[in-house]
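Single chain ahead, written as structure tokens, the form predicted on its own.
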């Protein structure tokens, strides 16, 4: 069940943006947060990029600065409308991440930012399978999302944040080994790093 603050944050752009900026301070600000999962990846103007669960286009904006072929996908028509207004340079598709309307081997890079924690475990498996399907051989999947803090000092803050803004699926994600789940699909996990006292994880994986 969604919390009141979660509903409000999605309804009002200023509130969502304020929460995002405040949360991003733990990794050096929103600019770095939006680029964190992309560090070390080569993105050229002709790189075909999918911003999965793109929301209002916060990271889509970063992606269009590097590629002319960016597609944003989200299941929410409200979010798609916001993204089209915020980042008109990208193309957008309204669809569920677990049933993407794309051909196989279409994208060089699939990126997602703090969205997988909103998925049920069975959805997560389907989404990872879909990402593997739409990526070209050698293509990369880059994601950033929550992780069980490794520094005890961050535990209270993460707990309060999840209680106020997230649902039970976020708590489930803290117990999920995402790297192992990706490997089980057939990905080669090339990078896993932890930030903000271990409360955030970045994973990069490659389709062989």
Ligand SMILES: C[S@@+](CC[C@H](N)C(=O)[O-])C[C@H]1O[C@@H](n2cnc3c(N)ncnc32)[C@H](O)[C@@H]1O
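Owing to the predicted nature of the structure, the values given are computational and were not obtained by experimental measurement. Positions refer to the first chain, counted from 1.
Keep in mind the form predicted in complex with the ligand is missing from the figure; the text below concerns it.
**Student:** Name the stretch, out of 56-64, 38-46, 149-157, 177-185, where some heavy atom lies within 4.5 Å of the ligand in the model of the complex.
**Tutor:** The contacting stretch is 56-64.
**Student:** Heavy atom within 4.5 Å of the ligand in the model of the complex: which of 73, 134, 109, 87 fits that? Just give me the one.
**Tutor:** Contact with the ligand in the model of the complex is made by 73 alone.
**Student:** Could you tell me if residue 118 has a non-hydrogen atom within 4.5 Å of the ligand in the model of the complex?
**Tutor:** Contact with the ligand, yes.
**Student:** Heavy atom to heavy atom, is residue 130 within 4.5 Å of the ligand in the model of the complex?
**Tutor:** Residue-level check for residue 130: no, no contact with the ligand.
**Student:** State yes or no: in the model of the complex, is some non-hydrogen atom of residue 97 no more than 4.5 angstroms from a non-hydrogen atom of the ligand?
**Tutor:** So residue 97 counts as contacting the ligand.
**Student:** Report whether the minimum heavy atom distance between residue 123 and the ligand in the model of the complex is within 4.5 Å.
**Tutor:** Yes - in the model of the complex, heavy atoms of residue 123 and the ligand come within 4.5 Å of each other.
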